[in-house]
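The structure tokens that follow cover one protein chain in two forms, given apart as structure 1 and structure 2.
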Structure 1
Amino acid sequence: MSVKKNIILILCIFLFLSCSQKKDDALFNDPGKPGYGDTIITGSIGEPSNLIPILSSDSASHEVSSYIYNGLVKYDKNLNIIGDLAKSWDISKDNLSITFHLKKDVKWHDGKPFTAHDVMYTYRVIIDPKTPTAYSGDFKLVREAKVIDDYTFRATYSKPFAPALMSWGTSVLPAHLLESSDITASPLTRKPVGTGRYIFKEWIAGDRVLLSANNNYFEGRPYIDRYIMRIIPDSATMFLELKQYGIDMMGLTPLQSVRQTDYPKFKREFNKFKYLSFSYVYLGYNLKHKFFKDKGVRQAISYAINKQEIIDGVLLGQGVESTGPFKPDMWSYNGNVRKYEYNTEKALALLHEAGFKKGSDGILEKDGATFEFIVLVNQGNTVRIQCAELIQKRLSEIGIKVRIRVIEWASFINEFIDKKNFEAVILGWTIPRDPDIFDIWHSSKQGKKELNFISFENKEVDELLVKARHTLNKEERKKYYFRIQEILAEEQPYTFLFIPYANVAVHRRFKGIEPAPAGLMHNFEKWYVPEGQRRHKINAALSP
């Protein structure tokens, strides 16, 4: 018996020793020199669905695809458009056609050269009615697409279209591998071939996707040898994996970022980066509602909501107040619009002006109807539910009764939003890189399944949206969007609540990371791990 016990004890000690490596505190302080090597492991909640990016709409597929494919143009770190596969481009005098001059030294991962025919194929397959893609909208506006020679491609529009240039940032697909077959059944959906920084190696279903650096990349080989995306469907598990160094990078929730990673061991191993995310959260009103029709009522509610309290309480300070549909570090952002600081007196004054009187039970009344409404929130989104609770409390203080209703996403959309069967709703929008917000605010977009579901109608905004859409001059476009933001701030069809920060933890051995308006990943090929800090050695058999 005692022998058995001893063996178990020795085994335990052995296990313990073999697993706990001693960590050197200063190891990661040295910035070192850029060099090739190491692997970065990221985690994703969802599994990629399809690695031909025009066929998928989930973020995991698009993230993997972004390493494998290139577009003709891309955004730099400050959201300016720069060439990617295109060396340069000319826009005709009438602003109707764009001629792209393509880079000549680009090769597909299988060694075949990249030419304008690939661009032509990509265009044709996107507009093909048999292709189940969600992204054909922008390309349907092309009147004529033409291959001028192997390295020149021209797209002509019937009307000047501002987002046109950037729409060519879509991933260009290899014509020689796809042309002869049905794209939806192509092996490339699971084994993509692109022109990008990384070459696809392996996809183990439900487990991970592995990419390795492209030695012949036209902008030079990326420093980090391999990229692995692990699929970890549970966010609590992912956070534990991060703490155990099972993954090197993860987006953190406010709670994780402010409280749960605030201890020395974590700080020794990870850097945290912060940038404004491309999204905002708002309280939207049904403008057909008998009370919300009145601009004064909407303004009053905006005064009565304490945005800073929401940011501090719900986001633990990880966000900024939002004043309109753009974020402050974009060129289209106008910071000089009407603001609604927390002020109950102004709110009450506006409500009295609108004809509301306090009833016997302390609730505001107008023409015998008490001011109460329901805020809809989608299930599972704790941030929005908590926002609703804070709004409920603040509005009850000025005599408006708010009830909160939490609904599952599919019925939320189908039964309430699509049928305009709601009074107020808390939702968020992704902020587009290109400021075209026509689909959300134009009065023609009120149909079923369209995005102006609050029924916003404003003649001036309509005109400005159309003008901005068909103007290619950035300064002129900016003027239109500045005016739109002024009107929206005055009208308050939404009470714009906040723009959250994206918080990302990256292991400290990765150097050269630069947070910018475009996010973190814009210079990923320049990230490196100095020699001596590398964690994963690569077996010869696996390197490219």
Structure 2
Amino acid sequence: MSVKKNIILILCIFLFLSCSQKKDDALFNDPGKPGYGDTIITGSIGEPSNLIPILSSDSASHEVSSYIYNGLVKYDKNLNIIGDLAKSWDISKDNLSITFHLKKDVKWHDGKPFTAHDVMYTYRVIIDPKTPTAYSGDFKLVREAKVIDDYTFRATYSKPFAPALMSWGTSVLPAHLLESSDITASPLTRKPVGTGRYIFKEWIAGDRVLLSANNNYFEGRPYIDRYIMRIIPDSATMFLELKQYGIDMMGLTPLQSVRQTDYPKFKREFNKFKYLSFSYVYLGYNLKHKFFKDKGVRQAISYAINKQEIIDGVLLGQGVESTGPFKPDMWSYNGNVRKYEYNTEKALALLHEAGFKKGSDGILEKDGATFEFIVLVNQGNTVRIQCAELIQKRLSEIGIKVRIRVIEWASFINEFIDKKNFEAVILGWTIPRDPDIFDIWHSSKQGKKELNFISFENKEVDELLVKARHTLNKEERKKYYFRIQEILAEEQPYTFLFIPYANVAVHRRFKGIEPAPAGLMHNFEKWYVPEGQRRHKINAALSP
């Protein structure tokens, strides 16, 4: 082939690719019309542990379950409480009773009708002492639960309970499939049956969970035919899958968001959404540990950790400093609590007060024991692993030896957190929309599968938590939560590290996404892919 022909061929290929790209750009810019079809594939570092929501506390389980089940109420996009399985409710004048009027056109995925008896079963099984759940606290305050008729349910409390209405947003379970069996041994833990917008199809361990749209959903069939969560225990691999169309949506790490997605091809294929997340990350201490029992030691570690260094170096600016269990745009947030600016002199002074002296090797010692501990982090979460590395470096500079142990998620929860088999841990909590944090911080919540796994006990906090949840006056509640934050800042049972920005990438063929105070997923059933932009046929095989 002559040189001239080669040049012409190259030009033709270039022109073809350019035209093709412009066509794709134009294709994804077209909002089209809502219609049924396609599949959305998401990625999760952790595998769900249990698909009966009251038996699990991990985010992967709750994400999948949120598509399968409904509560009586839910939040709308502006965080107002609206009906879900309940069409309406009445609150008595003394604020002690809520009477729910249930929707009559709701069926379980096996075709059985949903009734008030399902609500009664859910209530009873949550408060059953044999049920290993972290969510019983709200329901143990119910003095009387009563089925008025098949579609009317009433809960009566002994005294006003501020989060009472929203507590009934918990997933309602099918009585006809569970009430005569041990819920912990039920097949529904892996093959759930709900009333929700998606129906469970399969769970391949270590690989994926697949759901299909509920054609008879009482709020209308979702536009997207299938939802798949792929288990990919490494964020770098997940990012490669995103770019190669193995998944359609993921939460980006700071590095991916800031430096690895800022190029034309990615922008042509994906939309990015950024907002301050309802979550925080912390270094938690096992308060039964001989060194961590001492408040001064915990304060010293907080002084020795440079949070801004973590935000700048690990998060690349994609987060803000955390000082407690709430975020700055919440009415319950108290920004005037004790702060722990990076200060190694204050850290060492506190450690000396606590009886620590440096040994010949530069490591702090007390009563013949060197100050060393292991911090646990979960596999695949590079941000937390990098945080642990910076914390390890900073603490080594004041004579504390830290070892980092990275553990696969299921083992992390089942073998270490649930059994309190750890010294320190880096983890995160979702921040509740209602500021009731009783389940995490009350001293009574240290049982099996409960959330106060660090064994925090403070009598004043216990009393304030109880007062706050039984007070309906917002300003009065605010005073209680402000004081709780002051105590937590002083006690430092956690070193509160940061509140991250959520950076979510979604393939541009998905339309109807409405970012709102409630996040992105509040209207997922309204997301759609125009017919000409769909990627997956309903019966097409999907590569793992």
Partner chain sequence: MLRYLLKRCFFMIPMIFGITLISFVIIHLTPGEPDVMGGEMNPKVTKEVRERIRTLYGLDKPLHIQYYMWVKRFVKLDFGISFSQDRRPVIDKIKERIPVTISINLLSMSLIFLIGIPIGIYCARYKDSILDKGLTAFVFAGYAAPTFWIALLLMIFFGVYLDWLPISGLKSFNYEEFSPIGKVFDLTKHLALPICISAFGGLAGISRYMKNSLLEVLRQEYIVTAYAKGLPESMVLRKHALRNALLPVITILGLSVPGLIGGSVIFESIFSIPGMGQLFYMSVMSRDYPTIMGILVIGAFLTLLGNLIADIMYAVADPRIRIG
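Residue 1 is the first residue of structure 1, and the numbers go on in sequence order from there. We call the rigid core the largest set of C-alpha positions that still match within 1.5 Å between the two forms. Predicted model only: the values in this text are computed from it and were never measured.
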Quick one: identify the form predicted together with the partner chain, either 1 or 2. 1
The rigid-body motion between structure 1 and structure 2 pivots at a hinge, and of 153, 501, 106, 69 that hinge residue is 501
Could you check how many degrees the smaller rigid part rotates against the larger between structure 1 and structure 2? 36
Superpose the two forms on the rigid core and tell me the Cα shift of residue 471 between structure 1 and structure 2 in angstrom. 4.0
With the core fitted, just quote the Cα shift at residue 279 between structure 1 and structure 2, in angstrom to one decimal. 2.9
